[in-house]
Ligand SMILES: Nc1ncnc2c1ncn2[C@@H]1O[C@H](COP(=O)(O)OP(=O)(O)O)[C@@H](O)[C@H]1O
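Quick setup: one chain, the form predicted on its own, written in structure tokens, and binding and motion questions come after.
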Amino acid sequence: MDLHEQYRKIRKIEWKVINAIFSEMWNYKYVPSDLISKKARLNEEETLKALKSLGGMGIVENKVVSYLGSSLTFKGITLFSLKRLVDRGKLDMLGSKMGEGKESVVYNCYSEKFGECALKFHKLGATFRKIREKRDYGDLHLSVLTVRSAGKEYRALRRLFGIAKVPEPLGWEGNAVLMELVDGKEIYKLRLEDPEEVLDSIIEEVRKMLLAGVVHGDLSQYNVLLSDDIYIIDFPQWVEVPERVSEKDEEGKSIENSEIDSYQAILEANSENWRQLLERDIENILKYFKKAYGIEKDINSVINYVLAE
């Protein structure tokens, strides 16, 4: 069953249960069923019936720990996020799946407010153990981590849009980031007519991002798009360079979901050294262009250029 069909099947009482779980998942790995009843304003029988139905659809995971508790699955947090965007008037039609990777699924979509857009759902399931070790998220439920990942990317786009060439961020709910649809392809899928010009453009964008206090953290040929221009995408691993934070970011902190500030503080506290990540980003790009096109640039010279104020 696809996302569209699943969305239409959920009953009003089940949405209440989903909302109740989401509201408490920051405090419980598995939200107690009696608390879900209280938050959803349902009696115990109604709650248990809804949880059983949602569990059967793969939307929640019900588990007996020292009590009966429930959490949202990737499907559940995705449906919750989709409904929030619809309810807030930011999304009117979900289109087809555009692509799927280890940590995200992307759909095209339509908004009366914004026109044609892209909707990216963050997921951390397939590589969760590796991600937990690498990013030090602690003992938190996967659904919380996907929300953090989406919120982190949204903040990066908010900070960078208008400074560097990134898709315009249009909204964030749960694990979903709504953004401008860029009609382009990853550079590794193309044979570039002027690869040296593209490489220089990428280096320039890395420099602009750094001036805005952002290091991508996972930059490669897989997250650089080429359309009429280049665009840098995929920011869940970005790190902040505190001494380079621009005034624009003060506005960027005042976003729809106030929880992001606390999420970001935790993630930044666990970030790797930004200088090492910057050098790795640059090395990845230079290696690709050397291998694919025989273009060689001195990495130290590029790093020094990017770091120049």
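Owing to the predicted nature of the structure, the values given are computational and were not obtained by experimental measurement. The numbering used is simple: start at 1 and walk along the sequence shown.
Although it is not shown, the form predicted in complex with the named molecule is what the next lines describe.
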Contact label in the predicted complex: Y110 to the named molecule, heavy atom within 4.5 Å: no
Heavy atom of A118 within 4.5 Å of the named molecule in the predicted complex: yes
4.5 angstroms heavy atom contact with the named molecule in the predicted complex for L225: yes
Any non-hydrogen atom of I233 within 4.5 angstroms of the named molecule in the predicted complex: yes
Residue stretch of 192 to 200, 67 to 75, 206 to 214, 94 to 102 approaching the named molecule in the predicted complex, non-hydrogen atom distance within 4.5 Å: 94 to 102
Single option in A164, L170, L181, L142 placed near the named molecule in the predicted complex, where near means a heavy atom within 4.5 Å: L181
